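Take a look at this single chain, the form predicted on its own, given in structure tokens.
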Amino acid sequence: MITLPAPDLSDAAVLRLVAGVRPCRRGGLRIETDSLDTPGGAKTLVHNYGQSGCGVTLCFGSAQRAADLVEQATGAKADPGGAAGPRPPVAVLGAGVTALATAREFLSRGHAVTLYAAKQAHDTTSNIAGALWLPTGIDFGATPDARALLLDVLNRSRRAFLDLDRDTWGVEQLPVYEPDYAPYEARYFDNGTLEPPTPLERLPIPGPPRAGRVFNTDFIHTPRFLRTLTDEATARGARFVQRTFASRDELAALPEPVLVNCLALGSRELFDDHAMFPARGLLLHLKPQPLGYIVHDGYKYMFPREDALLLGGSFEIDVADPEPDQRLCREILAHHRRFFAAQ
């Protein structure tokens, strides 16, 4: 049996410890139409957040849903005869992967777009994470409508990913190996977007003999993916404005008649959405290692990103501290060393 290469998990290979705060939401996605009262009349407001730990996975699908809602609210959609309604300028709030994908979608439909955010994409959690195309870390919703929304977004996003130039966007299909004792979530696969895992009597990876399973999905090299999103938006005329908002009155003063809220955790205070909560994830970035496979064991995982080998992770609910916990990071490293330990 062929055994895949082992990672170098030595102290010398460790580059940095990283913490990222996932913007999670109880009840799942919020993609819906709202309004914002101003002295000059109501602005159209569409919310697009709640992607939680799978913002990259869902970004294109949720962007399409948000754009559809704006078209419905403003009459901007082309009629059957081919005549298009006016394309109002759009303010996108945020600069993470959801906001950038949303800007891309509106630009493709002929809208002028301005992105307002406190940070640029390279400073967001989206940029430090490893992104596997898999709906992990999100609440699937407790109602049929919520689950239908997620399924529609998943299917739209999957189709969009399949249409990308994979080299330009940094999208690579890789096998994902899971030990059989790892939690198995059938709902990740029974939606039809991915083929279900294949059982294996023995995983072809270094370490003690163990049974498991394998499935194939896209791994997204997030720095390249975000650069491409940003470059596309810039090339199509998007404006980027660094700004924070302390109240809805400040939003009402924006010149754009349409706002799309991709602020995620910022929606907790700005829009009184207390279903939002932070969940900190810890990562170790090791020297780059083109291993050609992924190991996934719940919230312990190994991703071979092109600029670093990523070891994760954790899911610390209601922890918003962006500083990495040294002790927990050492535990993550120890877990992976045990996993790959020689017999």
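Residue indices: 1-based, along the sequence shown. Remember, predicted model here, so these are calculated numbers, not experimental data.
Beyond the structure shown, there is the form predicted in complex with a small molecule, which is absent from this document and is the topic of what follows.
Undergrad: I'd like to know if residue 69 sits close to the small molecule in the predicted bound form, meaning any non-hydrogen atom pair within 4.5 angstroms.
TA: So residue 69 does not count as contacting the small molecule.
Undergrad: State yes or no: in the predicted bound form, is some non-hydrogen atom of residue 166 no more than 4.5 angstroms from a non-hydrogen atom of the small molecule?
TA: No, residue 166 stays farther than 4.5 Å from the small molecule in the predicted bound form.
Undergrad: Hey, in the predicted bound form, is residue 64 touching the small molecule, heavy atoms inside 4.5 Å?
TA: Contact with the small molecule, no.
Undergrad: Please determine whether residue 132 contacts the small molecule in the predicted bound form, using a 4.5 Å cut-off between heavy atoms.
TA: Residue-level check for residue 132: yes, a contact with the small molecule.
Undergrad: Sort through 236, 224, 243, 147 and report the residue having a heavy atom within 4.5 Å of the small molecule in the predicted bound form.
TA: Selected residue: 243.
Undergrad: Identify, from the list 257, 170, 179, 266, the residue with a heavy atom within 4.5 Å of the small molecule in the predicted bound form.
TA: Here the answer is residue option 266.
Undergrad: If contact means a heavy atom within 4.5 Å, which one of 198-206, 180-188, 110-118, 152-160 is the stretch that engages the small molecule in the predicted bound form?
TA: Of the options, only 110-118 has residues within 4.5 Å of the partner.
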